[in-house]
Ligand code: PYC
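Presented as structure tokens, the chain that follows is alone, the form predicted on its own.
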């Protein structure tokens, strides 16, 4: 800190079009304890840093932040706390791919498998020689099949409630083609669904995933994922793909080890597969990220929007 100005070093990347901003240094101490305790400490005591990093004027609604902290389990290379424009995420699939690519960019890891601590558990990520990253996610499962939700101004919508590191409501009922040209309509449709889902028995759901037919020849399905802060995911969403795999596994529509290619609303893809474990699945999501910037964020105390535009 110089003359009251706080400097944070960040590395920006995108995974299938979805941006991640990794905070390397400059963030205050997170209080120690488990990853979940450190996340809650940030929520209670340091939330203005979250806002400064990802909200305007330095960020945007779509940006996901990833704070690097010391690992809490033996053998892990780092701990990470993910956050966005409205709060904190237990896990973030595209963000983890971006983080691993960032660590490689910094020379902190080489190809191979690495453990990383998150607030919802330790995950393994493999950096391949070609630069792709495979994330072995936390155990995922479907909580409810065929939940029927009465959505105001839409009608009855049926879908599954599933966990893939975050909570999702997945439905095949879509208002129009899952295409970037229809983003505004898809966003409003998904937002109405989320509000109704939360009001009608599933307050834990903070992501809505619309599933439709693939456009790319190699993909099995295309999705549109609305994130908690009302921004849509440009990538196929790692935790959303994990939730989808959990539903496919529960329906017997995808066998362990079989590949599933999930396509995003802008056409980027993730490759998914899973292992079975005690009634749940362990998904593995593979994708690529690209580093776009290495920068310092400056927080000037006299700036009226130093801590973000709310």
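Quantities reported herein were computed from a predicted structural model and do not represent experimental measurements. Residue numbers count along the first chain shown, from 1.
Quick note: we don't show the form predicted together with pyrrole-2-carboxylate (PYC), though the next part is all about it.
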query	finding
In the model of the complex, residue 100 touching pyrrole-2-carboxylate (PYC) (heavy atom, 4.5 Å)	no
Residue 207 within 4.5 Å of pyrrole-2-carboxylate (PYC) in the model of the complex, heavy atoms	yes
4.5 Å heavy atom contact, residue 237 to pyrrole-2-carboxylate (PYC) in the model of the complex	yes
Distance check, residue 166 to pyrrole-2-carboxylate (PYC) in the model of the complex, heavy atom within 4.5 Å	yes
Stretch in contact, per heavy atom within 4.5 angstroms of pyrrole-2-carboxylate (PYC) in the model of the complex, of 86-94, 174-182, 67-75, 120-128	86-94
pyrrole-2-carboxylate (PYC): the contacting residue among 170, 197, 186, 227 in the model of the complex [heavy atom, 4.5 Å]	227
Residues from 13-33 in contact with pyrrole-2-carboxylate (PYC) (non-hydrogen atom within 4.5 Å) in the model of the complex	18
